[in-house]
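Shown next as structure tokens: one chain only, the form predicted on its own.
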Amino acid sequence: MDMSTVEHAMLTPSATSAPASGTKVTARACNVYYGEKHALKDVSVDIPERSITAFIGPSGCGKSTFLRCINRMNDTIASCRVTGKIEIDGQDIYDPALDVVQLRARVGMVFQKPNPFPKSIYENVAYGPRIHGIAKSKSDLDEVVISSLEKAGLLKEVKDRLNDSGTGLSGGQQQRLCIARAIAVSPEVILMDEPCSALDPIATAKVEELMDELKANYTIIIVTHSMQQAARVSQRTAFFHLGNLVEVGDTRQIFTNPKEQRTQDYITGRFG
């Protein structure tokens, strides 16, 4: 890939600003096994709060596997075993006493393919607050729905059709609806697994702009196959290869002056 493209993409305010002080997520010696397969090897990393951290690397390198450790999505896979420690604000999220449902309210997730529920736009956003008992009354729920749609940059487009099905929206709107659904339960961390890979460039730009706004209040971790996207939106970048975390650092440094040869080779398109 042309390095000038990456450098040009980085000349945005979000990419050049320093991450906020303070660490939100800490992983130490994290390993993931799927049966006999050692998918993630001894990963240790600190994720700063209220900023965007991008995970990059070739397909099958472990970046999505690690992302799914942070809200214990891997628990749903029978053959999966996770070792090591992951903490959010110093709390071990693999502590047996921890309520996984509450963890997933604190750590929202947006998937690769927009997956709105086959319900109305209103009900998509109201679902989480309702099951977690966040809204005490109908007016409280209305407020949460409107506020979440506004934060997700979708309210203007859907305010007159809140009772229409969420599945009737365009792909980009559906993904912003899924982001509204994630933030409706007031999470602290938002995980995004290739959230723009199914979207066209205009919808992608809207989601990236939204991420830039959301980082003021949320810790965002994005897995992306697009190095240009990582360069545009993130303040820190982690490069994974063959299950190893090869290098992590400020996005500008990773893309312009990586310390590891494997990072340099991937960024310049020698493999991946």
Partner chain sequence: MSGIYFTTMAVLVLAGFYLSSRRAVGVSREASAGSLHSLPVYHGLYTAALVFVPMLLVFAVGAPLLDRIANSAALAAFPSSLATDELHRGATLRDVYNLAANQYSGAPSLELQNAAETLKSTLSLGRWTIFGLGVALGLAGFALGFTSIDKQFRARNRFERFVLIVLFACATVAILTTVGIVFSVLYETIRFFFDPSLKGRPTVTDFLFGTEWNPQAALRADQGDIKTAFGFVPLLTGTLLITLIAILVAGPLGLFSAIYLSEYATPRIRAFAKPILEILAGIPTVVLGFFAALTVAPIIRGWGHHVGLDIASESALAAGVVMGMMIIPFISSLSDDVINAVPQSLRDGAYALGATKSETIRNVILPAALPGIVSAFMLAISRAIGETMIVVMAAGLAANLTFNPLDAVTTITVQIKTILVGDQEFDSAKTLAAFALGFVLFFVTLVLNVIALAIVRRYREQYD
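Residue numbers count along the first chain shown, from 1. Just so it is clear, the structure is predicted and the values come from calculations on it, not from any experiment.
A second form of this protein, the form predicted together with its partner chain, is not displayed here; the remarks below concern that form.
Contact with its partner chain in the predicted complex, judged as any non-hydrogen atom within 4.5 angstroms, is confined among 156-164, 196-204, 87-95, 69-77 to 69-77. A heavy atom within 4.5 Å of its partner chain in the predicted complex is found for exactly one of V82, L169, I190, V185: V185. Among heavy atoms of N115, some come within 4.5 Å of its partner chain in the predicted complex. Within 4.5 Å of some heavy atom of its partner chain in the predicted complex lies at least one heavy atom of R181. Shown here without its partner chain, the chain has R104, A105, V107, G108, M109, F111, N115, P116, F117, P118, K119 in 103-123 lying with a heavy atom within 4.5 Å of that partner in the predicted complex.
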